[in-house]
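Only one chain comes next, encoded as structure tokens, the form predicted alone.
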Amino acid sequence: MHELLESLLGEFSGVEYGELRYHERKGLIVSVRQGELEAANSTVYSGIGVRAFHHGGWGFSSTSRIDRESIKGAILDAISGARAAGKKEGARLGEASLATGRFAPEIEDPLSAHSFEEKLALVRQAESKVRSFPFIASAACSYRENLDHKYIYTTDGARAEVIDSKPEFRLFGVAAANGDRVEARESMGITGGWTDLLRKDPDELAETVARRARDLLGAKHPAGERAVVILDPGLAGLLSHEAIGHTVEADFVLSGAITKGKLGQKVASELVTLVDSGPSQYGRLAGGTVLVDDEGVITERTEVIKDGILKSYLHNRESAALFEVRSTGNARAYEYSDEPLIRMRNTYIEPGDRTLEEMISEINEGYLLKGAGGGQADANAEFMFSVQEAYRIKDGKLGELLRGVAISGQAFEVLQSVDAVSKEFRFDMGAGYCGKLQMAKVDGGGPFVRCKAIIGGRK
């Protein structure tokens, strides 16, 4: 493959830039619901995505046929598209640290060393464990893996071979009594191997799901109010990704996101440093780990907010040129037939110096919120997220469990109100995907964060 791609770079004549991205993906999905096999799908596919850049315009083409003539045809199509779209002579791409060589995460126990039967047995056992509790009305479990192999070659110097391995595991249970039903879920997603994924005991996760669903079934609903809250690492990560991260993606900034023109301004408490990183920080297993982006750029740790000050947007090479900075390595494509877009990787708030116990003890009235659910945010950083568990805090002590809780607000106002950040840190979104026009594997997390937000409930 090296020789083929190298020889084809010479076909990019008459344009300023050319890019070849070979991508092979081996995928597996296994799911069981109510004791029955729901899905057992194994896929292998590959192809080449081709881009050309000319006078500020892009052309893109792709082919699943890995032979010289088919790839040459895709190159010609991409060149034609770039020439038709290009209207600005002198347009350029931003500077970047281009990758050469082989890049792969540290994997001690590869997924390929474990059989389909072993993976199916894992799913069946965990689903059966959840369903074994008498108060559980329904249960489901799934395992998924993506094994990626890429070659990224560009006319200006990238020559990268990239290996990736991303497994994930999900558990779901519904408790029911007297016509009432409530759900609970747990998930794990990493960049790594089989043993890495199962560092948490699946049986213990199953018990956690079942008992949480049972406890929530008997819990009350909160009244709506603006309150002091402590976000757990999962909610800190969700806030960082959905409500902040998208507003600093340079394409959204150029479209008028709330962060436009605010570099260098104070947008959060001085206790907040928010980062988007390609390499995994605080350990090696973050699910959104990207060592080389899909423009062949070596990724980095990008401080988006430093001590409360907005420091950087997230860039591909095109936006980097427009802002006169270097690419941050945020160009990502989900499959070979997708064009790279500006996407997040691992987005998180850095840990502080407090303990969770101290943070709780200092609250007269408030809530501890645990377990990120679904939600949404917009270009103005207005958000609403559901929360699996909420515990009332009264006079510095944890109290009753509440259910049906949602948290909302304007994300930068919430970050301005942060007055304590814990030492404890974890990534907690590795089983998730971001859906900005195409899928992307991401992760998010952080410490426990104390702030003010709007709590919504039934009353």
Partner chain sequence: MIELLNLCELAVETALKFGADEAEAFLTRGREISVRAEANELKLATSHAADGLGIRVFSDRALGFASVNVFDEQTIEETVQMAVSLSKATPQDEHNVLPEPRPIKTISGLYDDQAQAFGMDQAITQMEEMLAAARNYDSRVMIDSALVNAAIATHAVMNSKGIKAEEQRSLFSHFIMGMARDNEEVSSFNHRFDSARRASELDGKKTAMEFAGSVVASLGATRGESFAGTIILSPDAVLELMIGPIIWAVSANNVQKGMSRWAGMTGKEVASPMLTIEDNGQLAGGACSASFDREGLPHTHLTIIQDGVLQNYLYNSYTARKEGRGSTGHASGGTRSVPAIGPTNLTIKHGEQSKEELIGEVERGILVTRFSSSPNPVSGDVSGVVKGGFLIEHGKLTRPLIETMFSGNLFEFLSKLSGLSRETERLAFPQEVGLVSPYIRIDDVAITAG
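Treat the numbers as computed from the prediction; the structure is a model and nothing was measured. Residue numbers count along the first chain shown, from 1.
The form predicted together with its partner chain is left out here; the points below concern that form.
Undergrad: Here the chain is shown alone; which of E183, E207, D109, D156 has a heavy atom within 4.5 Å of its partner chain in the predicted complex?
TA: The option sitting close enough to the partner is E183.
Undergrad: Please identify the residue among F172, Y143, Y151, W194 with any heavy atom within 4.5 Å of its partner chain in the predicted complex.
TA: Looking at F172, Y143, Y151, W194 one by one, just F172 meets the 4.5 Å heavy-atom criterion.
Undergrad: For R33, is any heavy atom within 4.5 Å of its partner chain in the predicted complex, or not?
TA: Flag for R33 set to yes.
Undergrad: Residue-level contact is defined here as any heavy atom of the residue lying within 4.5 Å of its partner chain in the predicted complex; does L310 satisfy this criterion?
TA: The answer is no: L310 has no heavy atom within 4.5 Å of its partner chain.
Undergrad: Spell out, yes or no, whether the shortest heavy atom distance between L8 and its partner chain in the predicted complex is within 4.5 Å.
TA: Flag for L8 set to no.
Undergrad: Though only this chain appears here, would K260 touch its partner chain in the predicted complex if you measure heavy atom gaps against 4.5 Å?
TA: The answer is yes: K260 has a heavy atom within 4.5 Å of its partner chain.
Undergrad: Please pick out the stretch from 160 to 168, 289 to 297, 98 to 106, 380 to 388 that is in contact with its partner chain in the predicted complex, where contact means heavy atoms within 4.5 Å.
TA: Every other range fails; the passing one is 380 to 388.
Undergrad: Determine the residues of 52 to 85 with a heavy atom within 4.5 Å of its partner chain in the predicted complex and present them in sequence order; the list may be empty.
TA: Counting only heavy atoms within 4.5 Å of its partner chain in the predicted complex, the contacting residues of 52 to 85 are G56, G57, W58, G59, F60, S61, S62, S64, R65, D77, G81, A84, A85.
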